[in-house]
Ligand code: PLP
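In the form predicted on its own, a lone chain appears below as structure tokens.
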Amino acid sequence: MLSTLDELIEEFSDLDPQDQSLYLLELGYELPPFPEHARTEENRVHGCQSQVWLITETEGRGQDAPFTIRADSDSNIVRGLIAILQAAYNGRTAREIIDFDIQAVFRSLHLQQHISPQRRNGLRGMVERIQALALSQLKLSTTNDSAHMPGCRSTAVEAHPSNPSGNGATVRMQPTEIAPGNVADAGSAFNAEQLRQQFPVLCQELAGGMRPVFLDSGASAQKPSCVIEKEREVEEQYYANAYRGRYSFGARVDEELESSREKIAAFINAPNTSCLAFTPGTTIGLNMVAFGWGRKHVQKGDEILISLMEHHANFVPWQQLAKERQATLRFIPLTDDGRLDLDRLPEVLNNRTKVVAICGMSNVLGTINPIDEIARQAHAVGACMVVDGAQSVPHLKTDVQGSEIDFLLFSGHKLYGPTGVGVLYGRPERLDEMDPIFFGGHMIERVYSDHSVWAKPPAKFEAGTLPIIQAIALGTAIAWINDTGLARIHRHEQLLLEEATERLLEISGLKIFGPSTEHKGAIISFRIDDLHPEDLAATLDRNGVFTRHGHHCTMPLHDYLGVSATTRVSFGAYNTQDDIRVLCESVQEAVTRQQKSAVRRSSSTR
């Protein structure tokens, strides 16, 4: 029997975030069955990371008819959230539902603090659906006393772009917000346990005596002490604005910034430091190229070539540019194992192609793309080669001159450096062709009343105050990688990748997406039969295993793969074989738990 709202609030009051997730799982197991005939697109709740279907039923007619919420999801944690909504809303009339302060319930349950942003969006979507159906019922009963809401229809909900067949009254609801040193020479053994000690956040002890198993470096890598200390050094000893003053602090900051720029230029083999502009990150950098270079050079009828494996940051800007310039967005086909099909590249690359924008390494599949060959063929038709290096630069040797890359973008926070700083590399002639899209101080040579003249690169693309501390500390992170050895880190990560792949595939029902390990970097994305990634995340978190789940900002790729979400494991220099052991044991624990709950649910419905 499902709990009442008061019982739920009492149960939640003493739970920490991990226990709360487990309690949501238990609530999900107890959710009553949902009618199969109601699992239709019309009854889908959009905005949810998982699959959610929701209908309402009324007992009797008119404004005083009590509502019953019925819903289901392929995620048990979301099913637990559904149970909360049922406890809050079931038995209330349409007017009571509209007037009910659901935010007070969320605050009482501390859901604002402990549910992920993806779940917040999904929870908000369900609340909006319920409120819309209640409002529609209220309007119908006001105009026709004999009218009532059909049990399995959502005609009151505004048609979603993916559901253009929505009919009946359109109700637009306002969103229901939920507040939101040199380790060793290149030939020596790689001691990850010893290296791990350089990362303070990984040296702490979690509840229950566990140590953090951090497997989300693809989202953001942890920082070694030297990077943290460098940021503190700047703040405490000589902070000043950059390129503004010649007093001692200002001069020191300028020197440190240029030293960092020199380290980065050497790291990617840029011809000189004027080719490198500091940005807030890869996403902003890609937008700068798309609209600073692309808007100037892409014309009506031209073509832009990307792939379905691109992160939204290297997908949406080109999509929007194509719409704005009336150009065509085309895609390099993928092979069955998730690689770019170069045999079919001539089908989509031609003399109308003005831009080819490809990731160096997929943030989901781990696929390492043949940038050298793609750049050669792109230049043969006169196209500009743009590389999203957010994933590849931290793991693979990058040579922008040898690979003939026109633009390369990457971020500091995936490179063991600070957040809030990235790098835009451009070949000198490409930077000359490119317009700035941000304007203001530092990027100006001369301002007149009717026009302005831009400074030379890189200042041309560094409007305003730079992320000074972060950019300086990024140079420290690059030095740390050089001291540790990028090739040594890569070999270590590949060994972890191979071992983790082998052990994960021993788990029943687990499927890994992407190519075999010789064609990919240190990323594994997988899905398990009948176990939603969001539910798996609860068990992993409880065991101190930190991974990412969701669509990873690659919705078109997940549509292509035929799944709404995956679990992603991504490795860094500090990961160990013991991390893999804990990961695999935790995944197996979650699978076993799911199997037992399925048996329990099956028995209870007989």
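In case it trips you up, residue 1 is the first one in the sequence shown, and so on. The structure displayed is predicted, hence computed values, not measured ones.
This next part talks about the form predicted together with pyridoxal-5'-phosphate, which is not shown.
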| item | value |
| --- | --- |
| 4.5 Å heavy atom contact, D535 to pyridoxal-5'-phosphate in the predicted complex | no |
| Close approach of S73 to pyridoxal-5'-phosphate in the predicted complex, 4.5 Å, heavy atom | no |
| Non-hydrogen atom contact G338 with pyridoxal-5'-phosphate in the predicted complex at 4.5 angstroms | no |
| Non-hydrogen atom contact S260 with pyridoxal-5'-phosphate in the predicted complex at 4.5 angstroms | no |
| Contact at A313, M361 and A390 by pyridoxal-5'-phosphate in the predicted complex, all three, heavy atom at most 4.5 Å | yes |
| Contact residue in the predicted complex, chosen from H413, R79, K520, R488 - any heavy atom within 4.5 Å of pyridoxal-5'-phosphate | H413 |
| Option touching pyridoxal-5'-phosphate, based on a heavy atom within 4.5 Å in the predicted complex, out of T282, Q137, S525, T367 | T282 |
| Candidate stretches 413-421, 488-496, 195-203, 100-108, one within 4.5 Å of pyridoxal-5'-phosphate in the predicted complex by heavy atom | 413-421 |
| Residues within stretch 208-243 having a non-hydrogen atom within 4.5 Å of pyridoxal-5'-phosphate in the predicted complex | G218 |
